[in-house]
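Below you'll find only one chain, the form predicted alone, shown as structure tokens.
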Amino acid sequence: MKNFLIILIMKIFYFILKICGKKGGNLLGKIAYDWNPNIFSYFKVNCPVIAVTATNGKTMTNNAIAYTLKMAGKKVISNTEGNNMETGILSTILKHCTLSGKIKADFLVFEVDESYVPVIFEEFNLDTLVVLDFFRDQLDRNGEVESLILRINEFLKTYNGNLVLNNDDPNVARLGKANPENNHIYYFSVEKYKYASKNIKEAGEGKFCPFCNSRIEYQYYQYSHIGKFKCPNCSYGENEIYKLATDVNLKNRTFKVDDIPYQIRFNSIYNVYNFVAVISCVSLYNINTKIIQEALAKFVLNNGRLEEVEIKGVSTIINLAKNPTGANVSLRILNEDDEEKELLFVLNDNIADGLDVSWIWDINFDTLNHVSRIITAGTRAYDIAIRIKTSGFDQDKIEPYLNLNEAVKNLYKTNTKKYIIANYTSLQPTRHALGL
């Protein structure tokens, strides 16, 4: 009766929010969870539950999985707007369940914050978990990445569902050994692409074997610590690959899996990994290949994730970067573009961003290809300006502004192509300042 009343009250509250033009975010879930932290066990789910977790890329991958399943004619409930902690996921469920807790859908697809995987799925059945990558992120909230991996590894020791893992991230591939009795482990990988390097160019975490402590050897690095690796002592990293991306062409935005061509709307190796994860996941549910091809060719995420727009007639690329790897991937895309361009970097230090912004010193600004000017903005505009200056970039071409609107106004004084990098709480204010 308690859970029945909680759901009833939350549905009435949600109806009021909709009348007021509000979406509610994680508010419904926060109230319901405060009233009953065990409410997840009340829901009756008779369909597969898919979860996507990672430091970077989980929104893109989650939404692409949901989009593909919908194109296959499936009824999908998903937190496509984010809100990936327990209260956000609970809010999504409360909006769609019946008063008795039944959820009528073909699939539930959730983006889940890495720290909350063990929390949410302790009592909520999980059919497939997709893990993309692990990097240092928000150290004041998450701590070091190793502690996060160990928490998820502990959860997986008793997990027997599908586990889709990035075999090119040593921090992720290790999770396949958490439960030796789980026979549903699926590794995905991406062949060496044009800009892969023999030596690591950006900050990375995967240096030592988690099983024998030997230093891991790499054939090549795709970006950060993502690449082809193995342990020379125990052969860790040599797994059977379920889905392998080949013939990666970022200029044409194409690749192949199982010799089947895929066209995507993104020109980043980072997103090739995301979409191979999508293919790996939906293939487990026998989704027709032609539907997957069509879905990935059409899918776009216009919320600041490699968003391509024209502002005042000027080509502009906007990307979220909330940690060193995200920023380095954005700069890698910028550097792979031979056109002249200008960069706006917006950095905040609000609670949701992490108050510690020392991570900016792990961003690789040393080589900026055809960048004629850099504007910085946000609450830590001067910190990121100093970081860029110390990399050797001409200080006369760096313009810091604490006022975001002023920064955007000055950015578009020229017609040069623009790249915009913004961290978590600065992303939507930046899009708003751009008129998006």
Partner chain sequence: MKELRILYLYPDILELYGDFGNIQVLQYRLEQRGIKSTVVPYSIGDTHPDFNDYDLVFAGGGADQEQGILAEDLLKYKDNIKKAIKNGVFFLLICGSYQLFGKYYKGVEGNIIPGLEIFNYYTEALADRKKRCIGNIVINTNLNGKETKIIGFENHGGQTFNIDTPFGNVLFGNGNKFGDKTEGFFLDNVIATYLHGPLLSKNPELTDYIIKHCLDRKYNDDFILEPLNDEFEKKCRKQLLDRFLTN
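Because the structure is a prediction, the values reported are computed rather than measured. Numbering follows the first chain given and starts at 1.
There is another form of the same protein, the form predicted together with the partner chain; it is not shown, and what comes next is about it.
Proximity to the partner chain in the model of the complex, defined as a heavy atom within 4.5 Å, singles out one entry of Lys389, Lys409, His370, Lys70, which is Lys389.
Ser358 is the sole member of Asn288, Asn199, Asn183, Ser358 with a non-hydrogen atom within 4.5 Å of the partner chain in the model of the complex.
Here the chain stands alone, but in the model of the complex its contact with the partner chain, taken as any heavy atom within 4.5 Å, falls in 199-207 among 90-98, 199-207, 219-227, 242-250. The partner chain is not drawn, but in the model of the complex it has no heavy atom within 4.5 Å of Cys47. Remark: Glu144 counts among the residues lining the partner chain in the model of the complex, judged by a heavy atom distance of 4.5 Å or less. Shown alone here, Arg215 lies within 4.5 Å of the partner chain in the model of the complex, counting heavy atoms only. In the model of the complex, Asp106 stays away from the partner chain, with no heavy atom inside 4.5 Å. Taken together, Tyr382, Ala385 and Pro400 are fully in contact with the partner chain in the model of the complex: each brings a heavy atom within 4.5 Å. Looking at 293-318, no residue comes within 4.5 Å of the partner chain in the model of the complex, counting any heavy atom.
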